[in-house]
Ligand SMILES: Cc1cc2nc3c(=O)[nH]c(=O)nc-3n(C[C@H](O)[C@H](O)[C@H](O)COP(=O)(O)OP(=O)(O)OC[C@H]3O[C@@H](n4cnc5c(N)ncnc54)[C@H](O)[C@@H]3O)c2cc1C
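Below, in structure tokens: the form predicted alone, a single chain.
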């Protein structure tokens, strides 16, 4: 018997496991794969996420990972904005942490705190009892008093329990590359190509780990076969003028991988009797940027707070755990709603070209745009009347 069973050892699940173990709870962290394992992700962790990882005891490892001090954006008509967000003497605002290494580091940190990590442990059946939760897995049976589901955007166990209300709304694809002759310490690049809107293509130099090339758009467009994300990436590598042939000699490190993204807070019923749902499964991926690592870890930390309250009171009812869902909405709903507005607005290439011209003449506005992409300021700030007036003015 464990106090808490956690399904999924990604950033959300491992953060919850670590913090629960620190508080003295008995935790079983169940991961269907074996570390190190590959995830489809942009691999960028921003300032708030770095703080959570430092608190997890990973500060020394973070210092070895590539920091990024500048962003590059391009508009559909080819305008380029280079925006500095930091300098070499300042604290890193963001770092590239490939998921292959990040997830393993955080899971090991949870183990050091006292959590039990069970790799290659695929959940097959869930039984909800009055006094306990029982999981039948490929590694035997686990019993606990609470269940935290951090099973990602595919969310197989969350779905099986009837907690999913909506399908994933975004789809992303990425490929790792080795690019001789291209600066591995260059800016993070976000390219708003006409054919990918609403969405963007990214090129993230990862230092010694090569380059992360990816793109994302609405899942509905992919399902209707309007867009083939793998074809978009191949065409971008070979023909897009914004690259000016920089990736002509690129060598693939593994295949192109695609993955759905859930961005609707409320698209998952994130609490039930003895259950809380975390991270991507709870719809916490940013609709503006597609980033979900930091939001996943935040949800893991929040879940620990409400799990502790449940154990203290002995009340594991859905009503007792409802404040967790309320906390998620309070933390994320406002930013997500603003992101939907921006995402819808920026699907028009002519309007996006106009915004780029305005930002090219207004360094403060351009920096706000960049910091919104790093989740350092809320996307709601871009909808502030003073910024809307700037964005809509003629140039």
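Being a predicted model, the structure only gives us computed values, none of them experimental. Residue numbers count along the first chain shown, from 1.
Below, we turn to the form predicted together with the named molecule, even though it does not appear here.
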### Query
Exactly one of 156, 266, 198, 98 has a non-hydrogen atom within 4.5 Å of the named molecule in the predicted complex; which residue is it?
156
### Query
Which pick from 56, 328, 359, 30 sits with a heavy atom within 4.5 Å of the named molecule in the predicted complex?
30
### Summary
Partner contact check in the predicted complex: of 360-368, 31-39, 58-66, 329-337, the stretch with a heavy atom within 4.5 Å of the named molecule is 31-39
### Query
Any chance residue 189 has a heavy atom within 4.5 Å of the named molecule in the predicted complex?
no
### Message
Since only the chain is shown here, I'm wondering whether residue 218 would be in contact with the named molecule in the predicted complex (any heavy atom pair within 4.5 Å).
### Response
no
### Message
If we define contact as a non-hydrogen atom of the residue within 4.5 angstroms of the partner, is residue 150 a contact of the named molecule in the predicted complex?
### Response
yes
### Message
Taking the named molecule as it sits in the predicted complex, is residue 237 near enough to touch it, meaning that at least one heavy atom pair lies within 4.5 angstroms?
### Response
no
### Query
Judged by heavy atom distances of 4.5 Å or less, which residues of 108-134 approach the named molecule in the predicted complex?
121, 122, 123
